[in-house]
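Just the one chain here, laid out as structure tokens, in the form predicted on its own.
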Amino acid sequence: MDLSLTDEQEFLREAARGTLSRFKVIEAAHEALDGGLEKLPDLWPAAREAGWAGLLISEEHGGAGLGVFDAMLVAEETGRVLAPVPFLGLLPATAILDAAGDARCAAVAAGELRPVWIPTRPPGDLEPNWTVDGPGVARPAAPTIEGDGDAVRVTGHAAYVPDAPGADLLVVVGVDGTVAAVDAGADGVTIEQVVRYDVTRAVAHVTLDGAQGVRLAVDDGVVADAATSTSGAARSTEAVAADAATSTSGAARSTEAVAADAWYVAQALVAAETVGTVQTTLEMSVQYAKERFTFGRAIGSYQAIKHELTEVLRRLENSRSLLFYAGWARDSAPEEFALAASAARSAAGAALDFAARSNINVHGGIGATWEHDAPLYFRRAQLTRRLIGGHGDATDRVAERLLAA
């Protein structure tokens, strides 16, 4: 197994870093906290120019035809600077549209149309149904998609959907694993942007009240039959997700498999973004520990600081290793992708929670002030832990898989 980056991947990562360096997101985030959300830069034009919308769309459908590993490299860079790029909502949607061979793929890849994926949790041992995030503790059932043929009506509610504000097209997974595309401006669609704890991330509650849409489907072939022949819900979903990742032709995939795969792609992207944020918090802490002196000594020379930062580094490297393995598994060992993506999400979320708190601790009193950058990373950590099923759900899935082994 060779996890070293190719020259093309190095170029992609450097290009993403260069693109994002043109924007002063952190400064804008401080202003946004004071009620100036309009100060946040609109990074969609930059993302469109960089071609990020077409990363996971195949070349035959007008995209770049790259893999999840490549997309994770970009996600890590967005996480490093808390860039409000509509990435988490975009890429799983494009993966589904591409698998379905939707005619809008070329427009999406060109950035002329921005879809958003409604995060729908595939079944597992703890929750044997397709569900979405709700405003409360319990997750409601996924939306219903009704109708024969291509024309369908979609009804349901999903809360805290990343990147929903400003989207043109909703990619919705139904309660039975079917998928539909709904115009964001259609009758019966309500997108309510909500004030978020992390101002650098746009989220919204989405309500669908009999909204008209178009069914998205891939060939219900070999994988669909395999999924219905197994008895364990979690194993079945992971198996079909793995098969969805395996096939590049679409001939051996099912719609349910593609929908489940999108969930784990999102988990991997969250993990990548989170690893980037941990990297920045560690750099901030180390830099300050070298510059800040007390009693004639740099605070970094004290064991309490050194050991804490060493723990951040350990968690960061552990998370990055799991992340790279998830990226490798998507293409080379797809039967392991669901577990690998969940493990990466779990480890990275725990690492960022620890790193963000340590960053404030190392900076002392100034790190807890409204004006300092450290609280922005703490806010990112806390909101990210709860989005797209949450850090706890990813951890539970790892536990389910390991305990069942």
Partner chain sequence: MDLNDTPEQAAYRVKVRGWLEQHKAEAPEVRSTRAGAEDAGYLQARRAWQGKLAEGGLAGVTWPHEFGGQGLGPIEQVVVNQELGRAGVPGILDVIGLGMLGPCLIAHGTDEQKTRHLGPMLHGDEVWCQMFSEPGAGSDLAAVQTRARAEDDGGFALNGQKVWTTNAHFASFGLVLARTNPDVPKHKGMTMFILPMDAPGVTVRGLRQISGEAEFNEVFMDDVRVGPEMVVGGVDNGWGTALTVLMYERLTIGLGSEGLGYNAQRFARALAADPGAVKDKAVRKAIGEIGTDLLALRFASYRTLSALSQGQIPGPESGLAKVTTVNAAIAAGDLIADVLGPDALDEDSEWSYMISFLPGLKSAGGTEQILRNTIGERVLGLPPEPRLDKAVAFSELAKLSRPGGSVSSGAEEKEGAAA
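Computed from a predicted model, the values in this text were never measured in an experiment. Numbering follows the first chain given and starts at 1.
Here the subject shifts to the form predicted together with the partner chain, a form of this protein not shown in this document.
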According to a 4.5 angstroms non-hydrogen atom cut-off, is residue 58 in contact with the partner chain in the predicted complex? no
Classify residue 104 as contacting or not contacting the partner chain in the predicted complex by the rule of any non-hydrogen atom within 4.5 angstroms, answering yes or no. no
When the contact criterion is heavy atoms within 4.5 Å, does residue 9 count as touching the partner chain in the predicted complex? yes
Although the partner chain is absent from this view, report whether residue 144 comes within 4.5 Å of it in the predicted complex, heavy atoms only. no
Is the partner chain in the predicted complex near all of 328, 343 and 396, within 4.5 Å of a heavy atom of each? yes
In the predicted complex, which of the stretches 167 to 175, 317 to 325, 150 to 158, 185 to 193 has residues with heavy atoms within 4.5 Å of the partner chain? 317 to 325
From 214, 309, 100, 81: within 4.5 Å of the partner chain in the predicted complex by heavy atoms is 309
Note that the partner chain is not shown here; using its position in the predicted complex, name the residues of 298 to 313 with a heavy atom within 4.5 Å of it, in sequence order. 298, 300, 301, 302, 303, 306, 307, 309, 310, 311, 313
